[in-house]
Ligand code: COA
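Only one chain is given next, in structure tokens, and it is the form predicted alone.
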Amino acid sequence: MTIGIDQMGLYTPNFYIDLRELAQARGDDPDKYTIGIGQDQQAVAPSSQDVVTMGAAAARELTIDPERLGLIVVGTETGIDASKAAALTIQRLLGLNPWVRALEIKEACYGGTAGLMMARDYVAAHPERQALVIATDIARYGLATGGEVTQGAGAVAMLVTSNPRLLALADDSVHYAADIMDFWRPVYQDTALARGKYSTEQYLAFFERVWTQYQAQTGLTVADFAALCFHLPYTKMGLKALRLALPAADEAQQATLLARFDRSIQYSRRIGNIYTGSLYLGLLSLLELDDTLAAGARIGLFSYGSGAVGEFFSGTLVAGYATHLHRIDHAHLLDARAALSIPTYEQLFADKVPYGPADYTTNPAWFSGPFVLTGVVGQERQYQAN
């Protein structure tokens, strides 16, 4: 029996900024953003969009059997409640089977992978069941801050089943955890605190550590992989990690891995950092934009969540996988977005659901997507289908 990802869905808000325009507004060289960081555009979420609305929209793309669904897991580090799981509200918005386990996982950007591994184990114990995993986040660092260029918003949804139609997951995970302070977000604020240089160093150190251990445990080397995907807080970060593995490959394979890495970052270059979903946004970009991958190709995936947990695992492509993707729909989703001027983006950034007990109403002028947050009444978030 194989277990893995049967379907994938994507959602990102209907607004974005051009990072060359942002660079000019901040007095920076645009090449610093587009080449040095590796980002072209950045999704902007109005206050009517949060991890619930985006997660529900991404999952709406999936065909779910209500009789087989047994688990809903949301991985996020921008959750809306310190107690109640976003999975419960998503369940209601989508009208999903209530006879399920529904929960939320937090460990920085690793939460999506934690959910995926929980789903794999659940299906291994219950082969007839389906598990829904949603990685949904809004990355916020603040206007005119060092992290502003690595913001973003979006969600990736994955349906995990036996006999999957996209990617069969191998039982080969290597994971490592350590208590470090490279990035965190206190419960009283919605912007993250980060030690940028230190976090980059830790990301690369964790990759080297788990990649070395993975090779020792499995006997596999870089030569066994058709492509490598990485957690992408910004796309240049993934390239730095890839370059650590490339020297062991011959010249031809290095060229192939670099070309496929480039296809894996195209969605991220346009959406930005979506924390728990960034690795899977890269995987989706690779599968939908690369037409050279064949069934049976092994793909390596490196997940990293600050604080910190790192994991490397692999999967093999299933015959006919391309017919179960939504490439045209996702191209339209990205192309149909509206570009914001920098002043308008700054207004939307400041217009956020406040940390406080007062009622709040979101602006209907910025409603978009299949689900919206209309406001907060009596400290309860109000959602509706748009």
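Don't overthink the numbering: it's just position in the shown sequence, from 1. If you're wondering where the values come from, they're calculated on a predicted model, not measured in any experiment.
Another form, the form predicted together with coenzyme A (COA), is not on view; read the next lines as being about it.
Coenzyme A (COA) in the predicted complex is approached by residue 237, whose closest heavy atom lies within 4.5 angstroms of it.
In the predicted complex, at least one heavy atom of residue 36 sits within 4.5 Å of coenzyme A (COA). Proximity of residue 32 to coenzyme A (COA) in the predicted complex falls within the 4.5 Å heavy atom cutoff. Interface residue remark: residue 314 is not counted as part of the site for coenzyme A (COA) in the predicted complex, having no heavy atom within 4.5 Å. With coenzyme A (COA) omitted here, the record of contacts in the predicted complex names 300-308 of 209-217, 300-308, 259-267, 165-173, defined by a heavy atom within 4.5 Å.
Residue-level contacts in the predicted complex: of 91, 200, 161, 78, one residue has a heavy atom within 4.5 Å of coenzyme A (COA), and it is 200.
Proximity to coenzyme A (COA) in the predicted complex, defined as a heavy atom within 4.5 Å, holds among 102, 117, 245, 194 only for 194. Applying a 4.5 Å heavy atom cutoff to coenzyme A (COA) in the predicted complex picks out 141, 146, 147, 149, 150 from 136-162, in order along the sequence.
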